[in-house]
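Just the one chain here, the form predicted alone, laid out as structure tokens.
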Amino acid sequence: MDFGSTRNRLNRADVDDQLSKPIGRRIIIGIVALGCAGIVFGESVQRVVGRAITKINPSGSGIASLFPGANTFRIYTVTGSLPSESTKAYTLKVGGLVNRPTTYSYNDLLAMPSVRLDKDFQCVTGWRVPNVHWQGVLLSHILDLSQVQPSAKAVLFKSFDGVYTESLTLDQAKRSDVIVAYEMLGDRPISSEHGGPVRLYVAPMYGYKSCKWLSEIEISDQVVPGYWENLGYDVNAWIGRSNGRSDAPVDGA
């Protein structure tokens, strides 16, 4: 859910609207300072920023999307608050057009064959985090375990924030660089600020395709546009050569 758009960037009016919410000016200034410091001092500062955002704005105003985070990641959330779930309570439901609908625990995912990817994270607004370490389970492996039915054409992803969704075609979902991730940034469990304990990582596409706080995978007979596609974003979000990448299919399928 790290997102952005060349067509939908935050402008001054958006910022003014956020600052008009009932949040104290000193608190806003302090969080901005902490957010900027997060780039330099790392994830411990980012966690403070995330918790402060949630504490002062539990109902969600979108204010979190204004601030940078650790390792040059930005903290983004469409609800304005940062959802959190423990690894003990976490579950991932897989259903839809499958012969074996299943609900996996966090430990179930850890027990599956793991893969490591060292790849960039690219936001459509232009910022990039190079050579991020990701570890998790191939999405294709989970689909194989579920025994996808012949009529299936696409995969829908849902977040436990209760709002965010994303989708891929079945062919895209089976790529070797699409994983259900539980570690990032150097063998560390994924924090709630980064979409943990489990999130999707779609290496060849812009960040908004990598659904944070992943809670459900649903196999369907057609692509269902996700949260940002319904607001005008591209359904096929290949990064492409304009960003120094060449891993998208030539036909853009």
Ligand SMILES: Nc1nc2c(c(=O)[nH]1)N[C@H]1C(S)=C(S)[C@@H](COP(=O)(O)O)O[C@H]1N2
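We number the residues from 1 along the sequence you see. Just so we're clear, the structure is a prediction, and the values are computed from it rather than from any experiment.
Unshown form predicted together with the named molecule; subsequent notes refer to it.
With a 4.5 Å cutoff on heavy atoms, Y106 does not count as touching the named molecule in the predicted bound form; it lies far away. The shortest heavy atom separation between C211 and the named molecule in the predicted bound form is within 4.5 Å. Shown alone here, I75 lies within 4.5 Å of the named molecule in the predicted bound form, counting heavy atoms only. The named molecule in the predicted bound form is approached by Y164, whose closest heavy atom lies within 4.5 angstroms of it. Among Y90, Y182, F121, F157, the residue placing a heavy atom within 4.5 Å of the named molecule in the predicted bound form is F121.
Candidate site formed by G136, Y201 and E216: none of these residues places a non-hydrogen atom within 4.5 angstroms of the named molecule in the predicted bound form. Scanning 169-194 for heavy atoms within 4.5 Å of the named molecule in the predicted bound form gives E193, H194 in sequence order.
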